[in-house]
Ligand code: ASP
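In structure tokens, one chain follows: the form predicted on its own.
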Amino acid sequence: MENIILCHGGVGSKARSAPDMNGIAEKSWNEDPLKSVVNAVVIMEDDPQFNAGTGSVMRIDGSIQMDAAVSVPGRFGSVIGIEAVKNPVMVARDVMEKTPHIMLSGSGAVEFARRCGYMEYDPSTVKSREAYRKMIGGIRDGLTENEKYIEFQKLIREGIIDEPHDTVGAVARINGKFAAAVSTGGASPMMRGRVGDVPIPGAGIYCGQDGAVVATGIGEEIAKRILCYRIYSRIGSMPLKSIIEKEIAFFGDNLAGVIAVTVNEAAYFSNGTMGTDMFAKRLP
């Protein structure tokens, strides 16, 4: 049996090239599976090419709200709509390890982060600000947020603007133990307060005694299908990659991708372009 870290940098359109994963899995290696997956996600949060942490996309009102989650068997922690922190996944880990709760959202998540010593940080970049200006450039003044959202969707269908909905994530099996972590800057366009699949257990992330699963893609569709738990619940019924492929087949043209590890397998599959990286190390 091998120790394995498997990570992804999000799923995009079929035409778009995958992000450069640059040996992230190996750089993240730690004998503690939770530390390994958090390390991997932190690396991607700190890299502005990914839509998580630094470089997260802006919402319709110009704000950046991020979601992140971590899980080990029997334990879970997530932050929802957190703002002005550098590494949401680290705050999610602290929610799991330092509070009696499994989720903190909005201003409560920010206040908790400050109490834990996380300094105020602006995750926007030149790229994300330019993308926002492009997004709002053709929108009429005076529209409500919901009306703007409808206009943005029209521009996306016409191919005038892109629709980023990447999530970064990692799963690990180390010394027979599992862990998973995910983080995202969300989708674009999105209304303030929008929540996708990432911080919801069973939707964008699931980890149990039999394995760990993480998803990426269109969060609303992933959440409606509770994708990660559906895959986890079928472990052992057929090869892991076949399970993932069959579940993603239900998504049709809606983008989705999954990485997963079980006691004996590691697999990934997406219906779009998904960057992945895996590091395997034999048990001593």
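One rule holds for the numbers: they count along the sequence shown, beginning at 1. These figures come from a predicted structure and were not determined experimentally.
Below, we turn to the form predicted in complex with aspartic acid, even though it does not appear here.
None of Gly196, Gly81, Gly202, Gly211 but one reaches within 4.5 angstroms of aspartic acid in the predicted complex through a heavy atom, and that residue is Gly196.
Between the options Leu240, Met58, Ile218, Val42, the residue in contact with aspartic acid in the predicted complex by a heavy atom within 4.5 angstroms is Ile218. Thr184 belongs to the set of residues with a heavy atom inside 4.5 Å of aspartic acid in the predicted complex. Under a 4.5 angstroms non-hydrogen atom cutoff, aspartic acid in the predicted complex has Thr167 among its neighbouring residues. Comment: 218 to 226 is the region of 246 to 254, 26 to 34, 42 to 50, 218 to 226 lying near aspartic acid in the predicted complex, near meaning a non-hydrogen atom within 4.5 Å. Applying a 4.5 Å heavy atom cutoff to aspartic acid in the predicted complex picks out no residue from 118 to 132.
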